[in-house]
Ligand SMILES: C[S@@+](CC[C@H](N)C(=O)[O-])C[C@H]1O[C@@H](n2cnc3c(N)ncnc32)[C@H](O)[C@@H]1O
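A single chain comes next, written as structure tokens; it is the form predicted alone.
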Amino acid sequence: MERSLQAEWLDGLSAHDPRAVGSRRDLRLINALMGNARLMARAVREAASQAVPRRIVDLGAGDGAFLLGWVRRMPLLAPGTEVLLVDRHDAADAGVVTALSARRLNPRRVQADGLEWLRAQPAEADTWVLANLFLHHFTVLNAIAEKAELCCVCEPSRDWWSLAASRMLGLIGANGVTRHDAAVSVQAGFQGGELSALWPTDSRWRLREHRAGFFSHLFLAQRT
């Protein structure tokens, strides 16, 4: 399937628009069905069993539900670890922030364009960057490589099976925004080694990229 980019409706809605609220609720269920938090936590645990981050950046964090699911599967995170939920909309759920704090982490909501914010940040040691269903409309890999020691990404797998599944989301009650954006996301997704090819060529990085689960494409970069 040839890759194509189209605008997603959710990006143009206010965080408080009922359609956006409903779509974020849909995305919680879709993420649970895709298992992206589990897939990404397993990949990171295997790659960085001896490493502990000081700062975790979730680009395109939305309501933060994905990040909380990932954190719950990462028992070795140190108390006081800074956790940044970066999104252009102030959509982070207060319950999620409270749950992160209850795990003795230090969550902070950042309302900003993820790419612009990342480029403006100074590089900090032991920074991990996560992106779930976010990168397919942006070219941020160079910026991530400059700022992070580990990057883990889950994107839609661009194939006919995933596209067909995206068009059946009405069966689980997904609203019109979600149904539109899911199909658009699949068509902008990745396959093969496409993300590795976009990552800066540098022997200091160890890369892994493969299909994960039924509908996801996983990319992991770790500085050696």
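Just so we're clear, the structure is a prediction, and the values are computed from it rather than from any experiment. Residue numbers run from 1 along the displayed sequence.
The protein also exists as the form predicted together with the named molecule; that form is not presented, and the subsequent description refers to it.
- Taking non-hydrogen atoms only, residue 107 never approaches the named molecule to within 4.5 angstroms in the predicted bound form.
- By the criterion of a heavy atom within 4.5 Å, residue 27 is counted among the residues contacting the named molecule in the predicted bound form.
- The closest non-hydrogen atom of residue 88 lies within 4.5 Å of the named molecule in the predicted bound form.
- Heavy atoms of residue 70 never reach within 4.5 Å of the named molecule in the predicted bound form, leaving it off the interface.
- You can rule out all but one of 145-153, 75-83, 93-101, 112-120: in the predicted bound form, only 112-120 has residues with a heavy atom within 4.5 Å of the named molecule.
- Along 44-74, a non-hydrogen atom within 4.5 Å of the named molecule in the predicted bound form is carried by 60, 61, 62, 66, in order along the sequence.
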